[in-house]
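In structure tokens, one chain follows: the form predicted on its own.
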């Protein structure tokens, strides 16, 4: 049997072990992405093969958490792709204003930089008093980091530039306090945010949303898992609600493509036209 076939068997066994033991389902993630992240993780351990990880993962929950942190991609930044936030500010917000209550789901929020970016934008647009952001990820370590609101000071110059390009109405420094080499985001930004564990591979729809923000997550899924996640988003959106994906992601060729209209297609913002089985197309946001 060729070495590449053995490695594939090892990978399949590891992913099955994660699913059977802990309920984390990576079996439909992009194989190339998973292999890269596993090699990165292996380099930090004394193990030389994927199969050597399996017993430790099965019997040591701390080892499992370390593996999950490495294979779940937590690369993010504030106001990432500033033009997307500008499009939300100028084109989506005017329609969200028509709702008395606004529910936002930020799926795959990682360590929270983009969640707080969205919270700043909504605050500047005067919507803080009627918005609730549900920020979810399956990675508990990343969620805990997001809850602390603490980020490296060295990134703030870059973030400030992106904030201005996103149509910022003030200075980003107004939204954080610096202390030594870190900053802590203002507590007021977190008041309307609920952080929760949610796995797009195994969990169900997440309430009635007016905006779903899920950027640069689907690129790590194969087509089967992409369709599952997109169906969750469709089922979670109210009629005329908005879905914002990453700049390299699209609804084209997906199972739900025909149930969305491009709203700002260059920024991958879509509007849901799916009428739920009960026939209602109206949603008050309550």
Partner chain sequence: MMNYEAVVIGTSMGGLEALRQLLAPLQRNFTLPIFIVQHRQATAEEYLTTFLNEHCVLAVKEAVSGEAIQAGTVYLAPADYHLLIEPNHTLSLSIDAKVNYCRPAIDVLFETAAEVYQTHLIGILLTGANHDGTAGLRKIKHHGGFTLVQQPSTAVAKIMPLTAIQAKVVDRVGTLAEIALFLNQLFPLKSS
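Note that the coordinates shown come from a computational prediction; the quantities given were computed from them, not determined experimentally. Numbering follows the first chain given and starts at 1.
Another form, the form predicted in complex with the partner chain, is not on view; read the next lines as being about it.
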| property | result |
| --- | --- |
| All of 208, 224 and 271 with a heavy atom within 4.5 Å of the partner chain in the predicted complex | no |
| Candidate stretches 78-86, 134-142, 91-99, 188-196, one within 4.5 Å of the partner chain in the predicted complex by heavy atom | 78-86 |
| Partner proximity in the predicted complex: residue 242 to the partner chain, non-hydrogen atom cutoff 4.5 Å | no |
| Exercise: residue 220 in contact with the partner chain in the predicted complex, heavy atom 4.5 Å | yes |
| The partner chain contact in the predicted complex: residue 123, any heavy atom under 4.5 Å | no |
| Residue contact check: residue 49 to the partner chain in the predicted complex, 4.5 Å heavy atom | no |
| Contact assignment for the partner chain in the predicted complex, among 30, 45, 231, 65, heavy atom within 4.5 Å | 30 |
| Sequence-ordered residues of 32-53 touching the partner chain in the predicted complex, heavy atom within 4.5 Å | 32, 33, 35, 36, 37, 39 |
